[in-house]
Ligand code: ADP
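Single chain ahead, by itself, as structure tokens, in the form predicted alone.
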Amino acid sequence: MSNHQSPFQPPKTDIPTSPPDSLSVIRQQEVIQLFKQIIEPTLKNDIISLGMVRNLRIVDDYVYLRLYIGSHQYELQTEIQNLLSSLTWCKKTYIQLCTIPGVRTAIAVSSGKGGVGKSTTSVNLAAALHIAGAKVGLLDADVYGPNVPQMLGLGKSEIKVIDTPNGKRFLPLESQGIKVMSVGLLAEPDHPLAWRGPVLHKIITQFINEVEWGELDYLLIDLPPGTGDAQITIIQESPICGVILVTTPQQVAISDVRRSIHMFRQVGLPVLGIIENMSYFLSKGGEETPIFGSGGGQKLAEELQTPLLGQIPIDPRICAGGDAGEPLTLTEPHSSVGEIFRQIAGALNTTFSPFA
């Protein structure tokens, strides 16, 4: 789309890019220490540790920064301005708000490698949140293997572009109560998605900035596997509050997840929890057989000191539901798989209190 305006509020002035002098470095550390006093009440951590403050610059007596927030966190801007007013040298603060209008909480779903069931997890988690009464959107940002449309029965649907006060926007589709946007809805069926750097960056940025989601309690962002340009662009440009990591029990998958963790920590993005997929095969008699080994998800959760949100069994109905566009959690919410996803959704609702 051309001639559009980003929903990100533009800065009042361009941020200078000249190299900082020693005084600016000292003042920047002073500002960072002040910001560490501002605690985000939901995740109970400071806004620096949570990666909510980025591109911080001190130029002369002026402070420039980007603030990445959800739709319910605008009061943080006021807190920052009030805190910086206590600095005798600070003449003015320029804050560029980076938010997705109407979206309360954006959560990334990531995996270190492909084939661990990340998209299946994203779809069923979105379904579980919908069952719990939340308004849910699902952004399929897996630009190399966009499978979400098929999993929600949207394989042949077309995306519309509408005019809004902020310019032209993509209108997400809706399936089974879940709003969906995916690069798979824009690509030709069965054609390879062979996009290179600049084009890929533009597509991802448009998907983050130019979708008219309306009011959402949660926007789940299904990331591509790995730690390449696409993943880095998404986590740097999005007001994501945290990430859920999907893995399988074997050590190969766990090793790849560790690489992803380093990428998230670089921007201060917290890991909200681990979901271990394909944990075991559950026989009709109730016997659990760990086909891919056991203990990997628990070990990773202990390393990160983060909760193991759930262990999803191998169930042929998950695959059948994905192929048919009918997620198992929606069609059989009281199945063993459905119950686990609903428990995970309950844990997220307890943390983020979207209905408060």
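Please read all numbers here as calculations on a predicted model, not as lab measurements. A residue's number is simply how far along the shown sequence it sits, counting from 1.
There is another form of the same protein, the form predicted in complex with this ligand; it is not shown, and what comes next is about it.
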*Look up in the model of the complex whether G242 has a non-hydrogen atom within 4.5 angstroms of this ligand, and give yes or no.*
no
*At the 4.5 Å heavy atom threshold, is G184 in contact with this ligand in the model of the complex?*
no
*Interface membership of M151, this ligand in the model of the complex, 4.5 Å heavy atom rule*: yes
*Is there a non-hydrogen atom of G286 within 4.5 angstroms of a non-hydrogen atom of this ligand in the model of the complex?*
no
*Quick one: which of 211-219, 77-85, 113-121, 157-165 gets within 4.5 Å of this ligand in the model of the complex, going by heavy atoms?*
113-121
*Would you mind picking the one in I291, L304, V59, C319 that has a heavy atom within 4.5 Å of this ligand in the model of the complex?*
C319
_Counting any non-hydrogen atom inside 4.5 Å, which residue from N277, S175, Q231, Q73 sits next to this ligand in the model of the complex?_
N277
